[in-house]
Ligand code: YZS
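Shown next as structure tokens: one chain only, the form predicted alone.
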């Protein structure tokens, strides 16, 4: 594993992001490593998983690696993209997945964090969803994750402004289940929470988790509506703004969007 560390402690599987030099940007290789770790935990019947970053980081994850965004004309968030596969691997994992949040969470990493079953964070935690900063059309499943987590109006504000919410706001809006004051307490409290889960029926938890996932995703849309959404998204990833957003990020300058 080059981008993560994976180990088992007291029957709890722990995945640690380990690419601090790139602020744990979610490159394809890192995402595949997360999936492999989850598959290994599942094979060994690990009942609780914790996803975290190295202690002391300022950024939990900077989100999807912008350098790996495709050129205009291809959906950057299609069903089979590694980030979407990773999100589904977390959602479908048969035991609870706890996101242990220290530092800021950006872009697609918010989506990855939001599909965890619980989030426990420190005062340094913050969350920002930033596709509008780089001209990326977000996908319907990702938008639904945000609406389910924070409600429609805050989801709109987060997407439209791309500004972060801090740890106290995240706790207020129910993004964080628990807010603890220090990294030492964060590790202790997260392990304590995971150990409480180990005392309960794994089959019961797995079935309840799957019911909650199905019910949370149960907003039905017609085929026409789905095609309309896809057409709207295609307009963005075929646009000049999409190309400008990627170039501006790589050139470390402010993008000049023209709405075309």
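All values derive from a computational prediction rather than experimental measurement. Numbering follows the first chain given and starts at 1.
Note that the form predicted in complex with this ligand isn't included here; everything after this is about it.
Taking the shortest heavy atom distance, is residue 121 within 4.5 Å of this ligand in the predicted bound form?
No.
Flag residue 14 as yes or no: does it have a non-hydrogen atom within 4.5 angstroms of any non-hydrogen atom of this ligand in the predicted bound form?
Close contact is absent here: in the predicted bound form, residue 14 is far from this ligand, nothing within 4.5 Å, heavy atoms only.
May I ask you to check whether residue 23 falls inside a 4.5 Å heavy atom distance of this ligand in the predicted bound form?
Yes - in the predicted bound form, heavy atoms of residue 23 and this ligand come within 4.5 Å of each other.
With the partner left out here, check for me: in the predicted bound form, does some heavy atom of residue 177 sit within 4.5 Å of this ligand?
Answer no; every heavy atom of residue 177 is more than 4.5 Å from this ligand in the predicted bound form.
Among 103, 107, 99, 142, which has at least one heavy atom within 4.5 Å of this ligand in the predicted bound form?
For this set of options, the contacting one is 107.
Note which of 136, 149, 158, 112 lies within 4.5 Å of this ligand in the predicted bound form, where distance is taken over heavy atoms; exactly one does.
Among 136, 149, 158, 112, a heavy atom within 4.5 Å of this ligand in the predicted bound form occurs only for 136.
Can you check 85 to 93, 122 to 130, 166 to 174, 186 to 194 and let me know which stretch has heavy atoms within 4.5 Å of this ligand in the predicted bound form?
In short, 122 to 130.
Heavy atom within 4.5 Å of this ligand in the predicted bound form: which residues of 48 to 63 qualify?
Sequence-ordered list: 59, 62, 63.
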